[in-house]
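Before any questions on binding or motion, here is one chain by itself as structure tokens, the form predicted on its own.
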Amino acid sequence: MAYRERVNKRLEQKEKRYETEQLLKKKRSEEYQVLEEVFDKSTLMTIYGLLNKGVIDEIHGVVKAGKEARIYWGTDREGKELAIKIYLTIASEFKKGKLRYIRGDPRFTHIRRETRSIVFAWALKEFKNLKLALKAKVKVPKPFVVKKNVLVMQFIGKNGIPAPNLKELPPKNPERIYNELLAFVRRLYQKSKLIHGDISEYNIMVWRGRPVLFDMAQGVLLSHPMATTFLKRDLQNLHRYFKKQGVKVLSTDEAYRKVVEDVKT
């Protein structure tokens, strides 16, 4: 029986390799060649696995490239737009400051210190935090799938053009956006026991007149030892930005009390 299982397993592996090769022949394009030039074999196999499963149907191009990750615009089989965030497994940036967001989080107590493990944990952390935010009715990109260092989520924008962030395009109605963001911070805190941890004009999009929070990987639970520090930093950043926009903002202490008051223990 063991011999037969080994034979069947080898046949399944050969079949999967054949399917992947055929898929690549069918979908071969300049964009896929760029993928092969940038990412390692493990990442490529993860992407191809998502293609095989139909999670992704097409990858069209890069919409954002940073030191830690690249975001590609893609579509699923129904033509719905996707944001495909691929964390770079060789990025040295992950060892600079990331562990302080992971340590103290009971969801990630057994993470090894080597870069690849930290990257995988970071992708999973963003996926989990996005789900918590949605549960609290906070506007964020809806996450669909996370696999190793690849996160597939809702694309915020249209036809491959992402919605602008507040740094790129200040809002026409800054007072309403400010109040809505304070409500988001409060909901995250009270309903999901979560703090974004890196709110700024760079991590807030405005889409169809509503703010959308993104880049949620650094978010921490209230049990994290630096939770209060991160929350006050978020509120200070909102205070600084919207004061420049002419909004009559709350002081950081007033905003803090507004966020944390009446929390049920």
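Bear in mind the structure is a predicted one, so any value in this text is a computation, not a measurement. Counting begins at 1, following the sequence as shown.
Heads up, the form predicted in complex with a small molecule isn't pictured, but that's what we're talking about next.
Item to check | Option touching the small molecule, based on a heavy atom within 4.5 Å in the model of the complex, out of R240, K53, R210, K64 | outcome: Contact with the small molecule in the model of the complex is made by K64 alone.
Checklist entry - Using a 4.5 Å cut on heavy atoms, which of L134, V146, I156, I118 is close to the small molecule in the model of the complex? => result Result of the distance check: I156.
Item to check | Contact check for N165, Y202 and D215 against the small molecule in the model of the complex, heavy atom at 4.5 Å | outcome: Yes, each of N165, Y202 and D215 comes within 4.5 Å of the small molecule in the model of the complex.
Checklist entry - Counting only non-hydrogen atoms and a 4.5 angstroms cut-off, does L194 reach the small molecule in the model of the complex? => result Looking in the model of the complex, residue contacts with the small molecule do not include L194, since no heavy atom lies within 4.5 Å.
Checklist entry - in the model of the complex, does G74 have a heavy atom within 4.5 Å of the small molecule? => result Outside the cut-off, so no.
Next on the checklist: Whether A83 contacts the small molecule in the model of the complex should be assessed with a 4.5 Å heavy atom distance threshold; does it?
Outcome noted: Yes, A83 lies within 4.5 Å of the small molecule in the model of the complex.
Item to check | the small molecule in the model of the complex: contacting segment from 202-210, 221-229, 53-61, 38-46, heavy atom within 4.5 Å | outcome: Contact criterion met by 202-210 only.
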